[in-house]
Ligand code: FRU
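Next up: a single chain in structure tokens, the form predicted alone.
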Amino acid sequence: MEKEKTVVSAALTKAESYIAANKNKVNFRYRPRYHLTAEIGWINDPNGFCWYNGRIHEFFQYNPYDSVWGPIHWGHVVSDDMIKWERLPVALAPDMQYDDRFGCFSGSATVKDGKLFLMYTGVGKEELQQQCLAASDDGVNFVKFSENPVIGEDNVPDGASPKDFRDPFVYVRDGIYYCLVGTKCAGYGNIAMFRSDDLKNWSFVGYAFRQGKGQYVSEGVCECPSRAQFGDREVLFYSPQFLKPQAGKFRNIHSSVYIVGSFNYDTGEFVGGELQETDSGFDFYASQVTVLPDGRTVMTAWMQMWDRNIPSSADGWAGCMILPRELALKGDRLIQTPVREIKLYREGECAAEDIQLESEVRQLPAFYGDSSEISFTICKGTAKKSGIEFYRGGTHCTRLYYDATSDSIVLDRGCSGVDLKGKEQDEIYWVRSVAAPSDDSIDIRILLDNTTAEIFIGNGQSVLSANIYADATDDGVAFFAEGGTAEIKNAKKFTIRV
């Protein structure tokens, strides 16, 4: 692709000036310490998650001017370890006729001939959603392609709406570039596949899901598709809007899911097994994956959910990302664990070997803290409920427990602090759960970060993520059993200090 001339647009200059002048006015009482947030303003979907020039790059949907969704830019950070992030200048701003209506929507990154390419959805006149390119020689300054859009209105496949056609994910397979785009076809969510030899000229391959493929169908766009390879099998990730709850799953108004299977690269169809939740908690959306030079497949995601109140909005910022996770495939189950680099930030180990409980709450003063990692094993006894309370204070606590009646692990934020409620048609909107592992003992690992909790169950077989807005003094921890006996073994707590 020919070299494009680097010109910093007025929109980029304006955004940087505003950030510099106003970032110190933000109240960060709710800000996590080791989860990625913006200096000021609103963030949502992670974009362009990749390795380039020796560092991890992460971009994100960004409105620097307000703490609500607005004219969408691409924020940009880099890191050596995915824990500490360095802010770079805003990468993309809405400044062209094909993206100046609502902005530069989600997309991905790929490296070609030493350049870093961003592919994103531009939303311009008449709210058309078209796929566009920008490139950088240094990974900092990006120039939009002069022939954008590269997948335009004329390329929208039959049956798809040009106003619901977004979030391109680009990857390379056997020297060919493939692009997955979320869309709707005949009124149902789907994913369109395109192919290209040069990132510039694209042809439609086909749809991932045939019409009537019941378990994969949603009434909204299959947003933010992403894809990972594990041996000879592929995992397709996406975030379907308005997916109906099924057997206790998909209880958020919008979900994040994955399917294990494989693409047919002649037809674009994805043939796979069961539709599964990527994260069964309250706050997880728009996951994106990349592969590191050491071979690890890692995932990021927006740790938030649409259509809910966000208390930090009153403080001048909103939204954060999950701590990136390492992925593995075990059978047809995705295994997720926090990136191993978090262990480098552990301090002050506390331990409690065997805690015998009988219809009681046992506080562990040494386990206090709101920036910490807690791990333990629940040994099932006769108790109806047994587990842990964290972010615990005089009137607040968040509860995680094994429920013997339903044989599930339950996360309850009904008394956590500020009530967080969205548009879910659910009388118990403050509870999320997953099926418990079948063993008599259940391994739990929890990462707390001021206003976040990421809970890994059964060595990463299931994950529950949640934002929690407790009082500043709510940093206690206790274990409990109700209606019988239980045992907590191998309890450990580390402070996480970055």
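Don't overthink the numbering: it's just position in the shown sequence, from 1. Remember, it's a predicted structure, so these values are computed and weren't measured experimentally.
Separately, the form predicted in complex with the named molecule exists; it is not shown, and the next lines address it.
*Asks:* When the named molecule is placed as it is in the predicted bound form, which of 318 to 326, 191 to 199, 100 to 108, 150 to 158 ends up with heavy atoms within 4.5 Å of it?
*Replies:* Checking each option against the 4.5 Å cut-off leaves 100 to 108.
*Asks:* Considering H396, R166, R227, R251, which brings a non-hydrogen atom within 4.5 Å of the named molecule in the predicted bound form?
*Replies:* In short, R166.
*Asks:* Between Q61, S433, T37, N450, only one gets a heavy atom within 4.5 angstroms of the named molecule in the predicted bound form; which residue is that?
*Replies:* Of the candidates Q61, S433, T37, N450, Q61 is the one lying within 4.5 Å of the named molecule in the predicted bound form.
*Asks:* Let me test this: is every residue among S256, D283 and F456 within 4.5 Å of the named molecule in the predicted bound form, going by heavy atom positions?
*Replies:* Zero of three within 4.5 Å in the predicted bound form.
*Asks:* Can any non-hydrogen atom of Y65 be found within 4.5 angstroms of the named molecule in the predicted bound form?
*Replies:* Residue-level check for Y65: no, no contact with the named molecule.
*Asks:* Determine whether any heavy atom of N44 comes within 4.5 Å of a heavy atom of the named molecule in the predicted bound form, and answer yes or no.
*Replies:* Answer yes; at least one heavy atom of N44 falls within 4.5 Å of the named molecule in the predicted bound form.
*Asks:* Residue-level contact is defined here as any heavy atom of the residue lying within 4.5 Å of the named molecule in the predicted bound form; does Y429 satisfy this criterion?
*Replies:* Residue-level check for Y429: no, no contact with the named molecule.
*Asks:* Does any part of I72 reach within 4.5 Å of the named molecule in the predicted bound form? Heavy atoms only, please.
*Replies:* Flag for I72 set to yes.
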